[in-house]
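This document starts with one chain, in the form predicted alone, laid out as structure tokens.
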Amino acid sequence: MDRTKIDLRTIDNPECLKNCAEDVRDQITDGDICAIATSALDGLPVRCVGEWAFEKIYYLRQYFGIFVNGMKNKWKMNYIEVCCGPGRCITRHNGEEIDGTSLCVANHESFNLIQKAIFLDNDPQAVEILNKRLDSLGKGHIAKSRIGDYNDVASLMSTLKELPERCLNLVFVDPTDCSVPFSTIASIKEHLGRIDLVVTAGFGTDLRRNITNAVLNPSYGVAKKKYTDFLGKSDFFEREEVLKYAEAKDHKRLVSFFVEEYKVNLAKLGFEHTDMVPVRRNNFLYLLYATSNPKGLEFWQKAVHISPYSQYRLDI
């Protein structure tokens, strides 16, 4: 991987156990924040991530730079990140420590061109740690981390009132599954108005593993409700095509149908232009981009045209 393109303040962390098994990680992490290794850069806690994390960070940073510089003479801008984490990550397979999405944006040379950034997480520890890091970077006058749960829309909207009005907003929602309710996306859009949206979605992990059972197996009622809430479409699981694909165990077409329905619902909110790029070579996690402006889509496709591996993206 060519990592010379962006500076994530990469450093080896000697405290990382490296390649620890999942059951071990469950014992030594809390909300993916490691209880053993602290940052070799600043001594604060770090989040344990998979080797794919760099790709997500790379694409977001590329788009942030193009977005801000492309719009700076037309709009005042805000940045909002949901599920921000503590700001620094350790890649579990090799112990390499890097800036996460929040700090990669805060460290971007164009960050001072925005009006305000709000980083949201439901983990008070992550919020406190990130605020310390933002302050140490001298970014506290622009950026603040706040406690925010995407399942608590009222609280989320109250926090977003801190943002300057009449701005163009870049919103990044970064879970690792398909658990963010569509109603939350709709509320953010209604409250902020002009937004470009990037969502991390586990279409190849969470959804692919469980959606067939969610369709056919009554014991998967919790998963069914989660996907229904995520999609924002109550009749999806009763659709003739859905039942047909599930009964045939055609996971690929079932997931594709789900994703297309999600895009249709985004279009109803005004996000007529969408695109999606995998953030793992084996297509497990995806970044889904949505905007109401074709210029935004042009910016996005420019940002993801060349992968972190210095390979051109092929649109198939």
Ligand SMILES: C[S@@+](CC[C@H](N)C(=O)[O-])C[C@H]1O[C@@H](n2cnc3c(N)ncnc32)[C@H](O)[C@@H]1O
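All residue numbers refer to positions in the sequence shown, first residue = 1. Everything numeric in this text was worked out from a predicted model, so none of it was measured.
One more form of this protein, predicted together with the named molecule, exists but is not displayed; see below.
From the list 185 to 193, 205 to 213, 133 to 141, 170 to 178, the contact stretch for the named molecule in the predicted complex under a 4.5 Å heavy atom rule is 170 to 178. Note on contacts: among 84, 129, 114, 199, the single residue with a heavy atom within 4.5 Å of the named molecule in the predicted complex is 84. Only one of 159, 228, 122, 107 comes within 4.5 Å of the named molecule in the predicted complex through a heavy atom, and that residue is 122. Contact between residue 220 and the named molecule in the predicted complex is not found at the 4.5 Å heavy atom cutoff. Taking the partner from elsewhere, residue 151 is found to have a heavy atom lying within 4.5 Å of the named molecule in the predicted complex. Residue 101 belongs to the set of residues with a heavy atom inside 4.5 Å of the named molecule in the predicted complex.
Remark: residue 273 does not count among the residues lining the named molecule in the predicted complex, judged by a heavy atom distance of 4.5 Å or less.
Using a 4.5 angstroms heavy atom cutoff to the named molecule in the predicted complex, all of 47, 56 and 89 count as contacting.
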